[in-house]
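One chain follows as structure tokens, the form predicted alone.
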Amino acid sequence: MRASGFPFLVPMLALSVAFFALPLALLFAYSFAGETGPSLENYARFLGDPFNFRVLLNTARLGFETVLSTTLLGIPIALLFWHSGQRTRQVIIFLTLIPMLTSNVVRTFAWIVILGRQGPISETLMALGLTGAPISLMFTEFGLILAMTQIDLPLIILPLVAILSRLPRNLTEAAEVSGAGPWRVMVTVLLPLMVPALLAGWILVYASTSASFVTQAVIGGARNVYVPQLIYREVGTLFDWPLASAIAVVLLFTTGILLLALSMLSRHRRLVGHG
């Protein structure tokens, strides 16, 4: 008789309840706290302000733009990994993992130097004659997307590398022998096989970008306000914990809807190349 594995799950379940389910329940409870008892007052205050609604849309747009940029960079890097020899593969994995071993705060402050007036981007544009004076990409959404792309790129490369590593290298040669050109091989053979990894990467990148308070605050500045900054303002400056909890729940809800949609897509057999 095979022994049940449930006892081995008990520590993980206890940690999940203590450090995830219970804090989440307290967050929900705080979000309904009103002056005269439980109410939807905090949600009405947040969603009733047009400024907050624009901040919510800005946060979603930042997540989508970062997902797009990481996808456009991640797919070529993953394909290079698939076609390369062992030594090049090791270099690609090393360069992908090294940034993840560095603190997000350190990487964010490194981007201050890169995006500043005396940084390499400004110096390169001046050397190419594209601008006559130093420019700064700090406190711009474009600079923020550049930083978020570099920070979150490993989250989409690693799932792609994992799924491509299981494919035979002569797969494209077989398709080309059958008369398919490079683009047709990419669109009809490789992309459908990469869809599950892309969906997993999109979920990770979007969740990371939409909640990245430090990078949003430092690179985006005061002119580009996103939901995590609103939560920080309500907690750290105005001490309005119920409203901050309601904002956090709205962010969780909107992110959860996207994750649910992507999760449902990942189960679509035809989309992931099994139809």
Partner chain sequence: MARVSSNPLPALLYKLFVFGFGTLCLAFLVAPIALALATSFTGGQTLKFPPEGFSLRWYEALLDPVRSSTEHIAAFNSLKIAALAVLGALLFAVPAAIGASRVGRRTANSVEPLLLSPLVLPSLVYGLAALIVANLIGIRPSLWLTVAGHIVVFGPLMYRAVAVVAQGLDPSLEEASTLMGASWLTTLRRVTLPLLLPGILAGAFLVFIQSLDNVSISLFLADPSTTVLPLRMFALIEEGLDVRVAAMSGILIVVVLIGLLIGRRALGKSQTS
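Just so it is clear, the structure is predicted and the values come from calculations on it, not from any experiment. In this text, the rigid core denotes the largest set of C-alpha atoms whose superposition between the two forms falls within 1.5 Å. Residue numbers count along the first chain shown, from 1.
The next section is about a form of this same protein that is not shown, the form predicted together with the partner chain.
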Three-residue site I157, W183 and A244 fully in contact with the partner chain in the predicted bound form at 4.5 Å by heavy atom: yes
Listed residue that, although the partner chain is not shown, lies within 4.5 Å of it in the predicted bound form (heavy atoms), from A33, A217, L47, L68: A217
Contact label in the predicted bound form: F213 to the partner chain, heavy atom within 4.5 Å: yes
Heavy atom of G119 within 4.5 Å of the partner chain in the predicted bound form: yes
4.5 Å heavy atom contact, V17 and the partner chain in the predicted bound form: yes
Partner proximity in the predicted bound form: L252 to the partner chain, non-hydrogen atom cutoff 4.5 Å: yes
Residues within 4.5 Å of the partner chain in the predicted bound form, restricted to 135 to 167 and counted by heavy atom: L146, T149, Q150, L153, P154, I157, L158, V161, A162, R166
Core-superposed comparison between this form and the one not shown, W183 Cα displacement 2 Å or beyond: yes
